[in-house]
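Let's start with one chain on its own, the form predicted alone, as structure tokens.
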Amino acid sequence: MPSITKPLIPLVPLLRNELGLTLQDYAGGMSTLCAGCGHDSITAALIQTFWELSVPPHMIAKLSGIGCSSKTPAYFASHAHGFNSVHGRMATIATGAGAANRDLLLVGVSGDGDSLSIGLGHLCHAIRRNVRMLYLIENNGVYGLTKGQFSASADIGSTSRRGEANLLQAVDPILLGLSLGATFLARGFSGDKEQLVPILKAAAAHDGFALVDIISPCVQFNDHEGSTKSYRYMRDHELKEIDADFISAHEEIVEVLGPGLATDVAMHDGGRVRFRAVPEDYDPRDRGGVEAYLRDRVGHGEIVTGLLYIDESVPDMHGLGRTPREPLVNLPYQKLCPGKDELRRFQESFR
């Protein structure tokens, strides 16, 4: 249970979703992260997402590892299931939870250290298995809990708060996912909730592994001049691949965007955000084309955000494994453990 209870002081009646629940019903404990941390903005986007989708809180399973990011599950959906695993092993715990109960919405919250360093191997295999889950990487380029050392996602040439330059090649989770056959890849910015919420809604609806890399500046150790994960750098270099919304499958949306047009918008803090409509030749279902486009934009110093790749043709882990439609957790003991004679007959079928 959270040690700090978030107070409820509604100044106006709170709106209710299809389940009759308010945003407050999807909230959690009071955040103990640094004031201004991008992770708290992601929490707000998650609360908004689940409320708008009318997801029953008891059908959400929150999972995390170790790091600042792994505190996030304590701050939303307090009535959901939860499991805080050891460092880097969240993806394997999520795989087991999904195997036991396929009806749960698995929400894994991790960081660039938890996922791209110690947990990299586990992340790779969760992608390969196409575990049906929403997997968030709260990416700030540093190890915030141990005073700001470079993480595996820090870009070459970016500097620490002490002025040291990073000399190692960064691990890009989006390019990694493309190489492993990921079926849903998106990138967002914690400071842009308007874009992030539709991305999270689409990811939650995806029937497979949905990886969302979210640039989330660390205000304590990585929000300075020379950082490529700071608020100022993101606002100066963000390239929105599409200005999108998420609409339920039974509703139709028609959007007209000027192909290839880009617009710079001045922000209050002096930074600029670049919006760009999808180019005529951009196809989010063309794996090779998406990779080539992303590498080209990186060469221009741009950070592409939005839904970047999707493949809805690949079965999820249960489809690949041909498991029963009824969640294993609901099956009676006699079906789960039919006895040694049935096991012997099963083994004979492989001879």
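Worth saying up front: this structure is predicted, and the values here are computed from it rather than measured. Start at 1 with the first residue shown and count on from there.
Heads up, the form predicted in complex with a further copy of the same chain isn't pictured, but that's what we're talking about next.
Put simply, I199 is far from a further copy of the same chain in the predicted bound form: not one heavy atom of it is within 4.5 Å.
Looking at R287, you'd find a heavy atom of it within 4.5 angstroms of a further copy of the same chain in the predicted bound form. Residue contact with a further copy of the same chain in the predicted bound form: E291 places a heavy atom within 4.5 Å of it. Remark: K193 does not count among the residues lining a further copy of the same chain in the predicted bound form, judged by a heavy atom distance of 4.5 Å or less. Remark: all three candidate residues (S151, L168 and L176) come within 4.5 Å of a further copy of the same chain in the predicted bound form, counting heavy atoms only.
Note on the interface: of 184-192, 168-176, 209-217, 132-140, the segment with non-hydrogen atoms within 4.5 angstroms of a further copy of the same chain in the predicted bound form is 168-176.
Interface residues of 102-129, taken as those with a heavy atom within 4.5 Å of a further copy of the same chain in the predicted bound form (partner not displayed): L116, S117, L120, G121, C124, H125, R128, R129, in sequence order.
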